[in-house]
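What follows is a single chain, given as C-alpha cells, in the form predicted on its own.
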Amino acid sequence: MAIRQPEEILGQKKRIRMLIAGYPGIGKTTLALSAPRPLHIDCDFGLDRVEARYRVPFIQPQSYDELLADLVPENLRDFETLVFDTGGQLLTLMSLWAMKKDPKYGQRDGTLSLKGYGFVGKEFMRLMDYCFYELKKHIVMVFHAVEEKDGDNTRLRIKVEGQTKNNVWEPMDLGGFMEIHGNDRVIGFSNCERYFAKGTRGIKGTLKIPELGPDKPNDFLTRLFEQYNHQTEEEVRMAEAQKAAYETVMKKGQAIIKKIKDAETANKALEEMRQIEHVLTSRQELRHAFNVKVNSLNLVFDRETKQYTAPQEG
C-alpha cells in the first residue's frame, strides 16, 4: 500500500459521480450530456428526444452483457464521462441478466426475488466502482422521478424498484432533483421535505439551469465539475496551511515543556503555554505533554494559588 499525502490532490481533477432525477421531459438527458466529453449510454433508446445539436456519441445496449462488452478501456479513450440514461433501465437490464444467470434470482411473475435484489445491488456497486476506479471516468446517472404520498405531503423519489435504491445513492458525490420554478428549470442539491438530494464541496441549495440556444453551449455540468474540483483544491490548501500552523505551535509548546526542571520553571512554562494560540488538536496534545512532564517531577498544583509547588518531604 502506498501512503499518500493530502497535498497530492492539488493539481489533480477528481472524477465525480452524480445522480440527476426529475419528471420525464424536463431535460434530464440534455443536462447530463453537458458533462465533460460524455458518452451517452442510452439504455432507454430515447436519443430521439434529445435535440440534434445536443446529441453526443452513444451506445444503445440491448442487454447487460452487451453493455459490459462495450465498457472497455480501448473503446473509451475519447470520453471523460459515462452518462447512464436511465438508471432505472440499466437496473432492468441487470435484473434480466441476473435471472438468466441463476433462476433463484427471479420469481414466477418475472420480478426479482429478495436474493435477486441483493445480487443486482452488488453488481450495480461493482459496475460503478469499475467505471470510476478502473476506467477513471466521471459518472452521471439519470433517473426518472416519481411522486410518493407521505401523509399530507407529496415527495419526489427516484424510480427504482426494491431495495436497490440505497445502492444507487451510496456511491454518488452529488445528487440533484430537477424541477420547474416559474419559468426556470432548477436543480436542487440540498435535502428538503420534497426530496432527498446530495451536495458536497460547496455544491448545495438550488441552482438555476441556464437556457440553451445557438450561442449558448451545453456545458452546465462541465462548469459545475470544475467548481467542485476548485473547492476540493481550496480545502486541501486550507488543510495544509492549518497543518503548517499546527506544527509550528507544537514545536513552540514542546520547547517550552522541555525547559521545565522544577516548580519555578513549571510556573513560568504554564504562563507561556497560556499565551499560545492553538491550532487543530495542539491544545489537547500539549496539555497532555505538560502534565506528563510535571507529574514526572512530582510537582503539585495548588488550586488556590494556581501555581506548582515542589513535593512535600516526609
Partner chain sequence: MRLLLTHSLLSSWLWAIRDNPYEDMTTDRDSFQDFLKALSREPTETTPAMQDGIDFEQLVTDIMFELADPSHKWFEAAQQVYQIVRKGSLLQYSTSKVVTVAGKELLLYGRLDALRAGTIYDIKFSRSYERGKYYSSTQHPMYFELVPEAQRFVYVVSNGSEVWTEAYDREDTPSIIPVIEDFLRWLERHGLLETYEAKWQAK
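Positions refer to the first chain, counted from 1. Rigid core (definition): largest C-alpha set, two forms, superposition within 1.5 Å. Fair warning: this is a prediction, and the values are worked out from it, not measured in the lab.
The form predicted together with the partner chain is left out here; the points below concern that form.
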item: Of 178, 131, 197, 145, the one that lies within 4.5 Å of the partner chain in the model of the complex (heavy atoms); value: 197
item: One residue of 252, 283, 55, 49 in contact with the partner chain, assessed in the model of the complex (non-hydrogen atom, 4.5 angstroms); value: 283
item: Contact flag, residue 166 vs the partner chain in the model of the complex, heavy atom cut 4.5 Å; value: yes
item: Touches the partner chain in the model of the complex: residue 237 (any heavy atom, 4.5 Å); value: no
item: Non-hydrogen atom contact residue 259 with the partner chain in the model of the complex at 4.5 angstroms; value: no
item: Residue 247 within 4.5 Å of the partner chain in the model of the complex, heavy atoms; value: yes
item: One stretch from 168 to 176, 216 to 224, 87 to 95, 69 to 77 that, in the model of the complex, holds residues within 4.5 Å of the partner chain by heavy atom; value: 168 to 176
item: Sequence-ordered residues of 188 to 210 touching the partner chain in the model of the complex, heavy atom within 4.5 Å; value: 191, 192, 193, 196, 197, 198, 204
item: Residue 289 C-alpha moves between this form and the one not shown by 2 Å or more, core aligned; value: yes
item: Rigid core fit then residue 68 CA moved by 2 Å or more between this form and the one not shown; value: no
item: Residue 26 C-alpha relocation of at least 2 Å between this form and the one not shown, rigid core basis; value: no
